[in-house]
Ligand code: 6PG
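First comes one chain, alone, set out as structure tokens in the form predicted on its own.
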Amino acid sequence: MKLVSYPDIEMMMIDLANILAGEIKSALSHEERITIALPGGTTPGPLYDDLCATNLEWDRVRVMPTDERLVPPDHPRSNEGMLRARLLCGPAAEARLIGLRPGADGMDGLTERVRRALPLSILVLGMGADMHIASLFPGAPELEGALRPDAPPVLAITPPGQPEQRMTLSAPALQGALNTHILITGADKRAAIERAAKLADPHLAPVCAVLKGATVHWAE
């Protein structure tokens, strides 16, 4: 992995927004439409505040959460809701959102929508102190299936100790990204990413599924 350290979180968000804007522009020069997958949660909010104001051909960009809690989109814990509020505004409102909650056509329909949007041009992931990414959690009963090379692109998963079941992109879907960035803050997550690199086992540290070739962005 490539590790980039920043003097503070604000600088990290500004720099990463500029990097992503450049990667989006570059990808659009080669493809008619591209897909980017982004995390929810509180950490990346400032990143989206910076990125949404960038003048790009957003109408050619599909935005997909890396995972989703099975809650309504207006729920405070919805990743889709967070992306709508913090990214899909200003110039970026022209982007198309592909949600990960099954609709009237069920899992088959969701799987096909995600499959058509792949491969990912750009992937941004957060990581927990337990070394999970998206909703690929250590100890989840569905983790083994989600790591298989023939896993479907999206599947339901039951994170241990979490209040909601979730949908998540599988390891093969994440691994197919052209550009992968992992965004972490704090000493505990810096220690966790270094531990994961030593473990080199995605069953124990799911981040290992994408760590090779990824750029890790870290600030205290």
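The first residue of the sequence shown is number 1, and the count goes up from there. Since the model is a prediction, treat every value here as computed from it, not as a measurement.
What follows is about the form predicted in complex with ligand 6PG, which we do not show.
Trainee: Of 102, 138, 81, 128, which residue is found within 4.5 angstroms of ligand 6PG in the predicted complex when only non-hydrogen atoms are counted?
Mentor: Contact with ligand 6PG in the predicted complex is made by 128 alone.
Trainee: Quick check on this chain: which one of 54, 175, 43, 35 has a heavy atom within 4.5 Å of ligand 6PG in the predicted complex?
Mentor: Checking each option against ligand 6PG in the predicted complex, the one that comes within 4.5 Å is 43.
Trainee: If we take heavy atoms and a 4.5 Å cut-off, which stretch out of 90-98, 106-114, 130-138, 146-154 is in contact with ligand 6PG in the predicted complex?
Mentor: Stretch 130-138 is the one.
Trainee: With the partner left out of view, is residue 189 within 4.5 angstroms of ligand 6PG in the predicted complex by any non-hydrogen atom?
Mentor: Within the cut-off, so yes.
Trainee: Does ligand 6PG get within 4.5 angstroms of any non-hydrogen atom of residue 170 in the predicted complex?
Mentor: Residue-level check for residue 170: no, no contact with ligand 6PG.
Trainee: Can you name the residues of 141-173 that have a non-hydrogen atom within 4.5 angstroms of ligand 6PG in the predicted complex?
Mentor: Only 166 sits within 4.5 Å of the partner.
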